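What follows is one chain in structure tokens, specifically the form predicted alone.
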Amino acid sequence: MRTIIVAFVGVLALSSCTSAVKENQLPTDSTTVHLRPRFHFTPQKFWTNDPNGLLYHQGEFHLFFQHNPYDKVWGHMHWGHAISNDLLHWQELPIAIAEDSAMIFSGSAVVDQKNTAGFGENAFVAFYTAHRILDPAHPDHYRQTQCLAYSTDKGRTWTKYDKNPILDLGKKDFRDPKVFWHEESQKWIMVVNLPTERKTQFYGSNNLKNWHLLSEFGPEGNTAIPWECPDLFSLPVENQPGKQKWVLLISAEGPYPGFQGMQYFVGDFDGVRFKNDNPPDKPLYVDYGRDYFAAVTFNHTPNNRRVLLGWLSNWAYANQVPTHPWRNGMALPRMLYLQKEPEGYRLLQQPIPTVDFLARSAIKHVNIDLHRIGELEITTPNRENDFYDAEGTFEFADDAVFGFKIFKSDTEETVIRYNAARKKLYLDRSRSGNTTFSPKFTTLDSVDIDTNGEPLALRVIFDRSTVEVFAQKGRYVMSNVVFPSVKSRGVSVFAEKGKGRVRLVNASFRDLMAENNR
């Protein structure tokens, strides 16, 4: 495998290799092999959901993940494990933390560089929710506690702490601990949710074993469904040099009522308490697609750059998506930024820069009056590749309708469309391929984007069955899964005739290499 190592010096960049990660050979005896993403992590087989225990150590990115090693549906939760040099090529390793009398639910991991817990210098220490069913005849009778496991061989083997649980509130719903080192107060912080109460708790510790409650946050923002998978971190403000703000991520209801998604809060954290800058009833959403959930950031990345990784599916149909022998996977990792806008601080997201190094070829266009030609075919359905990076900058009139069509054939297409009159960007998967497995899958997702007279910049990255749209330099993001047939590989850029003027100022359509990938 071509070795790409990620170094964080302002942004991700190539550097020298310390050890190469080789990809496992994945099963090919599947009628849906054409749907397995090449550069998005999927397990070799069976079910996955939330990413867990994300950390970087000595040249390796570690992804632990919720995994059922026995079936393609949720159940028997273990922590699976995969490693990568570049966050794009992944090697799946044996199960890390296995189910015992309790399922192993979501959590996080740290490298205990100073041996504060006594397991050894640079030991990996993982924190997870133990989900214990109290009555097998009634699976809804359960109790959740926070537990610890540790590894002294870079995450290859794990030992569960003999004094677990480390936190037990006697509650049914109490889960998803995210732990990190808080330099200013010189202590470990655990962020963990009380889902049904729509609260986030903050605990402190000096040794990773004994924890004391510091404060609570919530309910604020969107409280329609339970809160899960919290994360807390600081980011520099890009357009305010020297300024830092704290971001709290919560997986809860997203922008579509009844569907799960993610929201974030921006404010201040003093080592004890988080204070939200925005009104308590003002939700801010991470992603405006239907399929982005449980995202958390990597611990210990060089230069404290923030890399976010999320699950690319939705509980409304995750157990039914039509793939074999695996079910569900992860989104592309993203770099996070923060900027000050007139209405407050807002999150920006960009694909990790290592995606740029995958470009095998590019088609470029400049200054095209798109409304005159209607649709510009970039590739045809018989093209060989199906992992693509399309970028375009559009100048447009107030009544224009335009965008991209991907995974296109005579009968199928996924459409990313901007309606200037409505000031909305849409992602339409109603004709995207196989949509029959769930009545909740055929959706029209949208986000309000007022460009204030400026051009619209779109970047669309798609990988066999994934679509991730980044608008206005990542200020707005939409992530969805689709299941096109093998014949649907065309790509075009379009403007609806009879609508307003659209000029494609510049565009780049990059075919991304397939060598040594899925």
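Sequential numbering from 1, following the sequence displayed. Keep in mind that this is a model prediction, so the values were computed, not measured.
The protein also exists as the form predicted together with a small molecule; that form is not presented, and the subsequent description refers to it.
With the small molecule left out of view, the stretch that reaches within 4.5 Å of it through heavy atoms in the predicted bound form is, among 33-41, 470-478, 486-494, 46-54, 46-54. Contact annotation: of the candidates Y142, F357, W315, F437, the single residue with a non-hydrogen atom within 4.5 angstroms of the small molecule in the predicted bound form is W315. In terms of contact with the small molecule in the predicted bound form, the residue from W246, Y337, W74, W326 that brings a heavy atom within 4.5 Å is W74.
When contacts are judged by a 4.5 Å heavy atom cut-off, D176 counts as touching the small molecule in the predicted bound form.
Remark: D445 does not count among the residues lining the small molecule in the predicted bound form, judged by a heavy atom distance of 4.5 Å or less.
In the predicted bound form, the small molecule stays beyond 4.5 Å of every heavy atom belonging to A96. Residue contact check for F105: one or more of its heavy atoms lie within 4.5 Å of the small molecule in the predicted bound form. Remark: all three candidate residues (Q66, E228 and F293) come within 4.5 Å of the small molecule in the predicted bound form, counting heavy atoms only.
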